[in-house]
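So this first bit is one chain, no partners, the form predicted on its own, shown in structure tokens.
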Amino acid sequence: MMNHIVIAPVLLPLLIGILLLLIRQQNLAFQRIFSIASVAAQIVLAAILLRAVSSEEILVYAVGNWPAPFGIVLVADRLTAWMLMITALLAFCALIYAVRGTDRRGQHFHVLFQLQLLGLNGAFLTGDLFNLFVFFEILLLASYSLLLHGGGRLRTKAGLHFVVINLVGSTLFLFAVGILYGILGTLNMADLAVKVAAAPEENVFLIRVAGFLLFGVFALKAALLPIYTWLPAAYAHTSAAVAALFTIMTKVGAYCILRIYTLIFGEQAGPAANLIEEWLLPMALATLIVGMVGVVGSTHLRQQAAYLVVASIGSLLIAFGLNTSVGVVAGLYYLPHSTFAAAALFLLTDIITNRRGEMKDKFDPGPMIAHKRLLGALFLVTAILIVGLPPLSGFVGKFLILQAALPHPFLPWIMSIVLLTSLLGLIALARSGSILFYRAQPMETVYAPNATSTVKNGSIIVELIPVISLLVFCVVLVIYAGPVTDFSLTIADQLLQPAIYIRAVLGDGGIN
């Protein structure tokens, strides 16, 4: 009976999205109620799944009761449940912020928001490569529409870049899927793991080609160097609530890299084993450098927040690129921290921008904004989180990454790059805070005619609830660092033993 809960995170946003489409002519308040209730229910579903998979059990749902590998399966293990919980918590905060006005700027915001969650949840749950492609396309459709929500020249330009690059990625995905199906006759991930390991020598070259094509697709989704250029403009020019939700989008690419290259191309894959091991770590280090250079060179706060997302994916994939259990643990701790901290910065940036009038988020001294002490304090906390200073979760995450790297031959490079980029981030964010708060001019000397109605009529505390909630999640990661890392260790142990996943999906007959 518990297996049926596996499909709920996919069905719920789909059904609510359809319902919202049917009542789109009704009062916006109805749409908001259904949308918020849906995301709250997804938090509950994620909690149920986390509890269910906390033991060794992996839950498998065979759609239409067709057994794998012939039918479509959804699979919930510890990693899946962890990603679903992070996504649901992030989505709830982003949605609470959006209902303060973002959802009024265009049609179908709540429908698209639910479709985005459908794509995210489906990508985490699917046990089939072709359906991973399908959920990627749902993500692309919803994210492109959300990116353009509210309109504007800069959003349209960034959106065009976003969709063209992602369509190229979709084409490469289809090529990879076609090659694997043509050679192995299956796209079920567990079955692929078995057949790749047993593939005859004459098929190994094409299997490796397909594996590298998949890596290119996932690297694009994760914004890994050199195909990260779509992200800064897209995230900087969309609305704050959407940018906050998009912080989990790069993690989908990281999740897929972790899943595919431990399950299908892991230690047991024969000639295709550890396919991307020698590529992932150098690319992640280069991404961290480029991302932080972008942070230092940013001229606007939104742009700086977007480049911080690029830098964070570099740090995350450094951990995964170590290809060890402790590296995976470090990455799984750093993943929710970086997601929540970046999302909080996007929302806080919007609140600050709305109070600076014509200066908006530009790094020039502007008017002394209302509630500057409160906003400045939150900016300081967020900066500490992102840079990785003690005692918050950013420090714990980077400490775990460096600790995991100690036995690695690349240790000098990893240590120097992580520490140097952290210093650059500290300098850049200190400069940003100084311009926004310390060097601000008295209100009498700067006229700010473009302050929004949110500033005039809204309570600052109510407006800051989503930001504070995201920061609290990061504090919880520190308070419960021991249990979180222990759970991350169980995830890593399960991931690095693909036979457990294969047996759960295919039964004992799937293991030779």
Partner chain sequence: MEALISIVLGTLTACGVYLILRFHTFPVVLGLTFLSYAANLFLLVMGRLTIGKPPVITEGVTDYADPLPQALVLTAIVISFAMTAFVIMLSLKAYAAMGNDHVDGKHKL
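Numbering follows the first chain given and starts at 1. A quick note: this is a predicted structure, and the numbers were derived from the prediction, not measured.
The same protein has a further form, the form predicted in complex with its partner chain, not shown here; the description that follows concerns it.
Taking non-hydrogen atoms only, residue 364 never approaches its partner chain to within 4.5 angstroms in the model of the complex. Proximity of residue 277 to its partner chain in the model of the complex: non-hydrogen atoms within 4.5 Å are absent; the residue sits far from the partner. Its partner chain in the model of the complex comes within 4.5 Å of no heavy atom belonging to residue 439. Proximity of residue 373 to its partner chain in the model of the complex falls outside the 4.5 Å heavy atom cutoff.
A single residue from the set 336, 159, 232, 314 has any heavy atom within 4.5 angstroms of its partner chain in the model of the complex; that residue is 159. When its partner chain is considered in the model of the complex, only one residue from 410, 212, 205, 175 comes within 4.5 Å through any heavy atom, namely 175. Contact annotation: its partner chain lies within 4.5 Å of heavy atoms from the stretch 130-138 in the model of the complex, the single such stretch among 376-384, 130-138, 428-436, 352-360. Shown here without its partner, the chain carries 192, 294 and 297, none of which come within 4.5 Å of its partner chain in the model of the complex through any heavy atom. Along 147-167, residues 148, 151, 153, 156, 157, 159, 160, 161, 163, 164, 167 each place a heavy atom within 4.5 Å of its partner chain in the model of the complex.
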